[in-house]
Structure formats: structure tokens, C-alpha cells
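This document opens with one chain alone, in C-alpha cells, the form predicted alone.
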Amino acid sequence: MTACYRYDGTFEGFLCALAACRESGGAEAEFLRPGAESGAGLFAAGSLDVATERETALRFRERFVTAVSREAFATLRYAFHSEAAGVEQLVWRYVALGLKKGRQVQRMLAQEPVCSVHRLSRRVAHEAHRFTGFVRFREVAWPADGELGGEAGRDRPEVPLMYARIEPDADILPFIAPYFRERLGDRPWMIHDLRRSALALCDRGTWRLVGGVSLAGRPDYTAGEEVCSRLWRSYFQHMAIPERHNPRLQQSLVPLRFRAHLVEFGGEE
């Protein structure tokens, strides 16, 4: 019989579900996000709702790091955020193998599930790295009444902040937020993942994730931002050398899927 563990869809919640599975000693397990349906059919043994508790997640993390390594934990974390179909079961098999084999699991790259977990991990890490160069912040007048819903609107309403939109294939906000916290210093900023209606919000050097955020209209850019955007577009256009125009090379360096939110390519005009 397959035991089903329902969690809240977060990585922390998933670690709690893994901990619950290990405590029950279940070999066959299924992990379900909100809204997901079990595929176990007649072999399902009922579902268990797992509460997300930070202490439980940290204990499980330390257990895995001690048994295997920090690098292996980082690998499974990247893989989880790929949001690939069935990634929870894949990571669960990786965790079970790691707890059994220890550090040896990092050298088993030709075997499953190690091979697939590493492949997904590399894909997400590559996506996160690319977006550190493709995020374009713009200064908005905050708040623009009703522009953004959710908890974020109740923070420091009188302070302008830097706002950026992205639409990545993977859930990369947890990986790029620390980078931009260091890059922008004390300036308040937010990165809005339109595809997942999620937000990374940083204020006073501390960042956090906010879910369920949606746009009700165009952000209210400041007058200074409009001037800077025009200057940046003009600079980008005039720096180009017509005789050396190579659209194929340019597209390989800046794929079309990134350009919708890049000011220099006319995004968000």
C-alpha cells in the first residue's frame, strides 16, 4: 500500500512530509501538493495531512546533511524547485538512498534517482544564475492603490521601492533573493514571479516570500524611472553597430522568453 502525505507545497512543508514518512517507516510513499490528486488508485492507503513546522524541517535537514552532505542537500533543494512532474517521489527516493549509502550517493551519478535529481538540480541552478542577469528593477510609487494585493501592501506604504517582474520556468525566487539582497543593500525591493503569483520582498536587509499576489493594473512608475528607462533604451539602441547586427547570436545570449520584462527590448513600456 502507498501512503499519501499532503503538504502545503513549500519546500519546508515537503521536508516535514519526508520526516513523517521516515518516522512511519513507509517504503512506498506519495507526496501531494494542494490540489493534486493521488495516482495510487486502489493501492492508496489513505492520506495524511502534514503540518509545516520549521523545527521539524530543520531537524530533518540536519539529519540528511550529517548522513550525506550539504552539497547533496543543496542538490535535492534545487531539484524540488524545478516543479517537474513527480519530483517529490524522485527526491524521496534520492533521500532514502542517501540515508542508506551516505556520501557515496554523490558518486552514483550514472544511477537513478541520482542521475535525474542532479539533472533537475542543474537545470534550476542554471535558470537562477541566468536570471541574476535578466532581472530589471524599476522604481515604483508605493503603494499604487490596489495595484498589488496581499500582505506586501501593508508594509511601509509611503516609501518608493524597486520592482521587477519575471516569468521563470522554475521556482527560483528562493535562490535569487539572497543575491539581490546583497546587490541592492538597504533599498526596499520586490521581485514578482507572475507565473506563480509569488513575490520576494526585501525590506531593511531582510527578505521573505509572499504568495497569492496579483497585479490589478500597470505599476505606477515614478517620473524619474520613466526618464531613466528612456535614456537606457536610447543608449542600448545607439550603442548597436548596424553593420555587425547578428540577431541569431543576440537571441542565443538573450533568449526571447526573457525579453518581455527587459526595458532595453521594449518590455513593460
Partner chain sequence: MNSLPFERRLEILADSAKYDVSCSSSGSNRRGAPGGVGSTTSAGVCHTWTADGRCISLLKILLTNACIFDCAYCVNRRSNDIPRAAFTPDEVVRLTMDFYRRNYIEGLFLSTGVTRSADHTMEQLIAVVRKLREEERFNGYVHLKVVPGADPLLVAEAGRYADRVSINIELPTRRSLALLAPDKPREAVIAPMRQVSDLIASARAERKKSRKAPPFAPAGQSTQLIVGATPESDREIITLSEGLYRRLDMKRVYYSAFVPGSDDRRLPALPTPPLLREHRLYQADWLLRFYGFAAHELLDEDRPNLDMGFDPKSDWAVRHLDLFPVEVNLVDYEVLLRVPGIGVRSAQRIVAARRHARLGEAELKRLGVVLKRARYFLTAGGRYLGGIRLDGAGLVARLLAPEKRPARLDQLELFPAHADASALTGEL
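Whichever C-alpha set is largest while still superposing within 1.5 Å between the two forms counts as the rigid core. Quantities reported herein were computed from a predicted structural model and do not represent experimental measurements. Residue numbers count along the first chain shown, from 1.
Only in words, not in the display: the form predicted in complex with its partner chain, which the text now covers.
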Discussion item. Let me test this: is every residue among 162, 180 and 244 within 4.5 Å of its partner chain in the model of the complex, going by heavy atom positions?
Written reply: yes
Worksheet item: Can you pick the stretch from 119-127, 70-78, 86-94, 195-203 whose heavy atoms fall within 4.5 Å of its partner chain in the model of the complex?
Response: 119-127
Fill in: Contact of residue 56 with its partner chain in the model of the complex (heavy atom, 4.5 Å)
no
Worksheet item: Do residue 24 and its partner chain share at least one heavy atom pair within 4.5 Å in the model of the complex?
Response: no
Discussion item. Can you tell me if residue 169 lies within 4.5 angstroms of its partner chain in the model of the complex, counting non-hydrogen atoms only?
Written reply: no
Worksheet entry | Interface membership of residue 107, its partner chain in the model of the complex, 4.5 Å heavy atom rule | yes
Discussion item. Going through 227-242, which residues have a heavy atom within 4.5 Å of its partner chain in the model of the complex? Please give them in sequence order.
Written reply: 228, 229, 230, 231, 232, 234, 235, 236, 238, 239, 240, 241, 242
Practice prompt. Establish whether a shift of 2 Å or more occurs at the C-alpha of residue 55 between the shown form and the other one, with the two forms superposed on the rigid core.
Written response: no
Worksheet entry | residue 66 C-alpha moves between the shown form and the other one by 2 Å or more, core aligned | no
